[in-house]
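Starting off, we have a lone chain in the form predicted on its own, written out as structure tokens.
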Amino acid sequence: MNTPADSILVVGAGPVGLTAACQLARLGVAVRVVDALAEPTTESRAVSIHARSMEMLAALGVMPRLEERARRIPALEMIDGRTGTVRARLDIGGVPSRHPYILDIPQPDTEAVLAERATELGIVVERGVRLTALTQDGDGVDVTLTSRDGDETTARVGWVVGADGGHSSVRSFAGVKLEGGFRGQHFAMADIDVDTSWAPDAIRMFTHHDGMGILFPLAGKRARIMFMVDDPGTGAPDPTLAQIQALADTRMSGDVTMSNPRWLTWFEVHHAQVPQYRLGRVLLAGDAAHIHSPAGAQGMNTGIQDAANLGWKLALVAQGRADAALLDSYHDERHPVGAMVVKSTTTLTDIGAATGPKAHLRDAAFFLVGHLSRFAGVAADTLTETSVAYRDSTLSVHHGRAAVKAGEHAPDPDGLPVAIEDLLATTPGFLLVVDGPEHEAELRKTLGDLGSVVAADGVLARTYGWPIDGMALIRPDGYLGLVADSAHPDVLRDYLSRTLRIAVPSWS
């Protein structure tokens, strides 16, 4: 029977909350999920999934189902919205991932796939349930939950994950506020069908002195369109199709005709972040922790990666396998990433509306990105978040001369018949890849059922740059925790006990 200390409440059943819940459940943790909405959203809020997020979702076993509902996008284009001139095309086929593309899919479809996976893992999403009070002490968290009928229940849980969006109740009850630039930026957004001569082979950002526009092709003729606009005013009615079409005529070189609107809305974004992702036994992820411009489609992806980073650590702590101090590494690793995303999306939004000398500098920068492979590669890696790494994390331990560094995302070894994400999908936690069969039995005993030991012979020596033998401990989120040019079990024992503070080498 689960006790409050090892039970977890996830507040929010969007992509971030469901990713966290699925990761926790597959690691054997009791998880309860509540969401204030009585029904799943029908609003196509976030529509792009990037390569690094796809790798993590693949480990949950949901990628084939997502692919069935989505469109693969191989590039991002920067276009002069007045003339239709393509300033730069950023092809992302060369990013270091098994998924060198963007997957454009409406958020309701992403949520539906993740909810289906949650059901398979035994999770019941309690809808129409709001968090209305939260207090915590050193041993647990007391929460009050209120149904749509007004019925209140109280519960005590070990931990609370706040994945309940930009207006997070968890964040409010935990006593922390977003900090940053509160100069709101306003957008008009449409989920709509389009007729255009632009091929559905790129996300297109249209620069214009009145504000940027973005066109995301979805399956069929469906598309997501956004325009940066002036403040429509408090209480303004939703935009009309005619208003959205007028914006497209002006800022998309008159080459986009719209019909069949599914959702038209105004929305306002700020650029801010909480100072701490961990607040005792409360942990914040996604928009509850950071909010920013939709430019670059980074929001949901950053949140999914928050959840993947947090999930395995919280599972170890909730089960009494590791000291709670392990959770400090969640903030240490993810807060800098969130800060970088807030900064970069703010900059990208501002340059989309640049005029005068700033516009000339922007166009010159676009030219470099579009024509020089060095700049294009950096930009593609940043967009797809494949450049995210934790090399300075206390969890990243590197011994010896291996070329691949701890804290980097684990590369697929050349010649290995399956990818890292496939291996992570079959193991409950850590995956150890080792070269040095004389130690294999003892390494398996040391690792226990934290993961699997895969003997890769000379494959790793080539990929990881080990001269003779070595090992890499790959975390459930796909990042390298330990990299060593020795496969001796003592190196593994030291990492598990001192770095991860794991007390018992087996999953309960």
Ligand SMILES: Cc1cc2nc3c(=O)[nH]c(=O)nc-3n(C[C@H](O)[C@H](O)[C@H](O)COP(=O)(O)OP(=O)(O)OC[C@H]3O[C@@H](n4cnc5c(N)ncnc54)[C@H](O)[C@@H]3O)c2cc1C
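Predicted model only: the values in this text are computed from it and were never measured. One-based numbering along the sequence shown.
The protein also exists as the form predicted in complex with the named molecule; that form is not presented, and the subsequent description refers to it.
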From the candidate stretches 292 to 300, 76 to 84, 331 to 339, 395 to 403, select the single one in contact with the named molecule in the predicted complex, where contact means a heavy atom within 4.5 Å. 292 to 300
Going by heavy atom distances of 4.5 angstroms or less, which of M212, A88, L131, L383 would be at the interface with the named molecule in the predicted complex? L131
Interface check vs the named molecule in the predicted complex: of T349, Q107, Q185, S97, the one with a heavy atom inside 4.5 Å is Q107
With a cut-off of 4.5 Å between heavy atoms, is R204 one of the residues that contacts the named molecule in the predicted complex? no
Closest heavy atom of L314 to the named molecule in the predicted complex, within 4.5 Å or not? no
Is the gap between H439 and the named molecule in the predicted complex 4.5 Å or less for some heavy atom pair? no
So, in the predicted complex, is S344 in contact with the named molecule at a 4.5 angstroms heavy atom limit? no
Who in 185 to 222 is close to the named molecule in the predicted complex, meaning a heavy atom within 4.5 Å? M189
